[in-house]
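As structure tokens, one chain now follows by itself in the form predicted on its own.
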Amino acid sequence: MDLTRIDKRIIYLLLLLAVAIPLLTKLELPVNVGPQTEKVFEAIEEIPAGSHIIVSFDIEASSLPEVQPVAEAMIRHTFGRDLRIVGLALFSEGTAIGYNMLSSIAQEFGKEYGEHYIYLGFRPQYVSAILGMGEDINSVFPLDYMNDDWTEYPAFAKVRNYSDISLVLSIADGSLPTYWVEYAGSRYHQKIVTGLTAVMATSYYPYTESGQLVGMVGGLKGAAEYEKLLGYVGGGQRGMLAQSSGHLLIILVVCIANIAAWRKRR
């Protein structure tokens, strides 16, 4: 059999199976939890139940396949700790994404809108929004996503500014965590963590080393680590397993092709 003449469609089919099977099953991937993910997990664990945190969906739709498992794991942790979430978006594309994600996970945990979470929607000019919330969140978001006065909910009525917020969680695919650090962190001493794409993670190690960011969860690997800490198999572990099996198949095909070419020359 001449391995150099294998139909390319067979390789494509094998690659499809290598990626699809891990995504459709609940196979567990051996995961070692990194220190950055551990810091985020511990920061949320230390917050007393009933406290308020901000979850900002600073993302675009194109990055959702990678960022969604990160966001879901972190939101599940916060709801599991009985923390109250103030959701918002500083990118317009993240507005509906954030609302749908929060609502879905809240339903999973039996959490009610106005009691355990609210969603304030989108505001442009993110620098002004971040600074404005340091003085008065209600002045930046007078109404919530449903155009209701969110301060009428008793569980959130006393939330005025960052002094009432235990942690800010920025779900990001770009540079928005930098602005949270520079304006909410430096000026108002707000504690900040981030969940972001893997390609952006290296840009934020200086911030975590300096303490300006408490920690970060980067890409599918970070999501898989967080799921490991929470004790469930989700999109992070399945995504990492699909990536790994796809990479192994490509390496195997390259090795076979090189061996076949070497034998043919002989």
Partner chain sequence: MLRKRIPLLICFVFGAFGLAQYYSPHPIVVSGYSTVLDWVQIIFAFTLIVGVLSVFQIHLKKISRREKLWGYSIVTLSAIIVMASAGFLGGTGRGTAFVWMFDNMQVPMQSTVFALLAFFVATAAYRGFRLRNVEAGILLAAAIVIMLGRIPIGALISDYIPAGAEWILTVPSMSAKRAVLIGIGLGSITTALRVILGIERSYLGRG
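Residue numbers count along the first chain shown, from 1. No experiment lies behind these values; they were computed from the predicted model shown.
Heads up, the form predicted together with the partner chain isn't pictured, but that's what we're talking about next.
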| item | value |
| --- | --- |
| Residue contact check: residue 158 to the partner chain in the predicted complex, 4.5 Å heavy atom | no |
| The partner chain contact at residue 124 in the predicted complex, heavy atom, 4.5 Å | yes |
| Contact flag, residue 51 vs the partner chain in the predicted complex, heavy atom cut 4.5 Å | no |
| Residue contact check: residue 240 to the partner chain in the predicted complex, 4.5 Å heavy atom | yes |
| Which of 150-158, 108-116, 73-81, 185-193 lines the interface with the partner chain in the predicted complex (heavy atom within 4.5 Å) | 185-193 |
| Stretch 69-97: residues contacting the partner chain in the predicted complex, 4.5 Å heavy atom cut-off | 93, 96, 97 |
